[in-house]
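The chain below stands alone and is given as structure tokens, in the form predicted on its own.
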Amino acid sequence: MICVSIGRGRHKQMLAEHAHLIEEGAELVELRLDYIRSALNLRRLIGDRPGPVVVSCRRHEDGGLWRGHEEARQILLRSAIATDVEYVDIEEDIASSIPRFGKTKRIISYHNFRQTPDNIEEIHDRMLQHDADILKIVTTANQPSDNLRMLQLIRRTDVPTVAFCMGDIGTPSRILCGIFGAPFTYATFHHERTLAPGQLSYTEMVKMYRYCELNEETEVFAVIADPVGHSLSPMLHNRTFVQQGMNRVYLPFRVPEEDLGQFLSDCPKMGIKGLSVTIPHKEAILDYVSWQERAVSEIGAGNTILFDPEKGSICYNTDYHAALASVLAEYEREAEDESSDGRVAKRDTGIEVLKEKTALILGAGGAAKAIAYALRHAGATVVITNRTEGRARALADSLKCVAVNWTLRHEVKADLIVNCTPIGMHPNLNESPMEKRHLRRGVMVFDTVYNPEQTLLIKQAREQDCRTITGIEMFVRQAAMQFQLFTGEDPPMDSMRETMRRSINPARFDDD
């Protein structure tokens, strides 16, 4: 169950949102009385309520807006109990001052907006003494391991416990707490009106993460990055799980570099079966995995981890496979186009086609490493350039490629140009890593940026009559391989492409 928090300044706004949420299927709503700016009329809010409510009135030190006297606040809470509301939220320090009465259930709560205390288990045990129907413990996550500590509280007691972390590091615990046995979690009415750090909207919880359908049998997967909020992987994988009728969920975890090792150790304890890995962890994870495929070792970067009870953590690089498949598929289409035009007989477009090609790689990060490795091992001549020349030379030396200064990139006579830099990524839509006049007709241009799909580089390449591969193609292919590794089933490639395009450019599909 999801408890949706409503905090509005006017009674009619709170009543309207409450009614709307019940129509949308919400089973429980929290009325934040501290948000009401005018003289509060409790009976108006709860007298003819459309569904069950939790009544709370937060003080400033507990993250609320209440500015009145403490005695008046406690009178409000007692009044709510006297009118038989379903739940009332009472802070631990005033629990003894507000006795049980009637049918109203007591949520005894503790909030910490600074940290997850080292003695959180002692705090939990102390709260058990306050005649609670439900314990609510909400802290701030300063490192990912705080999530696990809070989730473990849920399973250590017979008293129903809602426990999760605030902040962007703590957001996944708001979803995982249900799998661990919390009676409910909290969400906000709208993603633009969060009432606590890291809070998700009711729509996100229901549609993206299917919170109410999760159970102890749900298999958990995740993407790790820092930052992670921009990632489209949760949208893509969760939608695919739904389409395939799978009891699986995919979560975003913000993991700072210094916490990577501990997080990987905690994953099996949180029930995480597999990870997608992105910036800045693709190289660092190699220090912590139990086994890695040969390509990972030779590239020096991975992007996928599976957790096996017997073998430990197993690392793959699906970027490598996806990049090569994307390039070969476009050469196949080029050959088919030429054959249909009657210009040439259809030629062999297997991996051999790359042996006569020169590829220019722009960038020297994890994606560049994977793509350079793929092309080099397919027989292409690979030239690497980067705005930091030392990184380009180090990568080129490791893969036996050629490095050139960034200022000389336009002088390379390349058959294939691959952008592995963030240049052109949203919101810097008017930037391109290559000048248009240097994009020769017939050159294949591959941009790994996928948001937007139609980057300035891709647009200008098409204007110059170049063949193009967009970032969505590679993103979907690498995600599809991860899906196969995660589930053991064939990925629905076409629907995954459509999902990505709908997410990035929803206006394009409004008329569907």
Ligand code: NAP
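In this text, rigid core is short for the largest set of C-alphas that superpose within 1.5 Å between two forms. The first residue of the shown sequence is 1; numbering continues from there. Since we're looking at a predicted model, the values are computed, not measured.
The same protein has a further form, the form predicted in complex with the ligand, not shown here; the description that follows concerns it.
- Residue-level contacts in the predicted bound form: of Gln482, Ser56, Thr448, Thr455, one residue has a heavy atom within 4.5 Å of the ligand, and it is Thr448.
- The partner is absent here; in the predicted bound form, the one residue of Leu286, Ala82, Ile279, Ile94 having a heavy atom within 4.5 Å of the ligand is Ile279.
- When the ligand is considered in the predicted bound form, Ile90 lies well away from it, no heavy atom lying within 4.5 Å.
- When contacts are judged by a 4.5 Å heavy atom cut-off, Pro183 does not count as touching the ligand in the predicted bound form.
- Though the partner is left out of this view, Gly365 does reach within 4.5 Å of the ligand in the predicted bound form, counting heavy atoms only.
- Proximity of Leu416 to the ligand in the predicted bound form: non-hydrogen atoms within 4.5 Å are absent; the residue sits far from the partner.
- Partner proximity in the predicted bound form, defined as non-hydrogen atoms within 4.5 angstroms of the ligand, places exactly one of 99-107, 265-273, 374-382, 419-427 at the interface: 419-427.
- In the predicted bound form, Asp319 is the single residue of 292-326 with at least one heavy atom within 4.5 Å of the ligand.
- Relative to the superposed core, Gly170 undergoes a Cα shift smaller than 2 Å between this form and the one not shown.
- With the core held fixed, Ile384 shows a CA shift of 2 Å or greater between this form and the one not shown.
- With the core held fixed between this form and the one not shown, Asn215 has its Cα displaced by under 2 Å.
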